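To begin, one chain is listed below as structure tokens, in the form predicted on its own.
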């Protein structure tokens, strides 16, 4: 299943996404983690030394390889150059799986060893000085969206994406690619402002959204969040000596994380599992096509010089049986 962590800058979403990834690894679940934040800190939060985290390959830098691989033998895509971030798969396209080895993972992913198992980590790449004034971060996140559009995941497989801060993901259809979006909110007016934006934007697309209250210090904080977000409040997280040690670069073994925080992480997994059980593959595919057609009309056709609507395969629906057949 695909899970996003979002929230305003400084809310703690990277810390919480890294804790959730560690939790999943402790359950021996296969995990692909993606750092899609403009500030790339997920690798360090997962214990990578700073030089190794900084040396992570950027997905955006490998976009030509990603496009060529995913294109496969799809006759509707005349060349990889005509693929954009929303290009949907069709007959002949190559699909990605969490557990497999493929050229995309070989180029863009690195194995990170955690206390209880290994996970794959991918990163969009940071916003660099050369990007200033001539590019936007959405062009980098586009590599993530293209991969998610072509990824078929099972009920016991997890793709966890640490998203860029705020509501920037609504600049494309990326926000519809997830079975569950966890919005990390502090118990402040600013802390819940991003929640209101997400709730409003996501309402028409059936996006599953739950709030994780972070930095909650007492009953007053809890009551504030309950009043502001209502039933969307799933769990809260308070002070953690384990997290403080992690932020100093000296984390104890993960099994020593406080019991109440481990229970909160299990509640996140249970909510994501339940949401995946209700995934509608037909709606998932239709939303993908919807945003592709919008992007094609607004800028894609002009940029590529092609009619990108012709890339849509009306008979194709992404789903688990397709991936099983492909692997066979």
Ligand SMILES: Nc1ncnc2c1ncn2[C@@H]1O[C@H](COP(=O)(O)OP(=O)(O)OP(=O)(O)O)[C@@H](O)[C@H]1O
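Positions refer to the first chain, counted from 1. Predicted model only: the values in this text are computed from it and were never measured.
Same protein, other form: the form predicted together with the named molecule, not shown, and the subject of what follows.
J.: Just one of 212-220, 68-76, 104-112, 147-155 has heavy atoms within 4.5 Å of the named molecule in the predicted bound form; which?
T.: Among the listed stretches, the partner-contacting one is 212-220.
J.: Hey, in the predicted bound form, is residue 2 touching the named molecule, heavy atoms inside 4.5 Å?
T.: No, no contact at 4.5 Å.
J.: In the predicted bound form, does residue 116 have a heavy atom within 4.5 Å of the named molecule?
T.: Although the named molecule is absent here, residue 116 would stay clear of it in the predicted bound form, with no heavy atoms inside 4.5 Å.
J.: Residue 237 versus the named molecule, in the predicted bound form: is there a non-hydrogen atom within 4.5 Å?
T.: It does: once the named molecule is placed as it appears in the predicted bound form, residue 237 has a heavy atom within 4.5 Å of it.
J.: Check residue 39 for me: does it contact the named molecule in the predicted bound form (non-hydrogen atoms, 4.5 angstroms)?
T.: Residue 39: yes, in contact with the named molecule in the predicted bound form.
J.: Under the 4.5 Å heavy atom criterion, name the residues of 6-25 that approach the named molecule in the predicted bound form, in sequence order.
T.: Heavy-atom contacts within 4.5 Å come from 8, 9, 10, 11, 12, 13, 14, 15.
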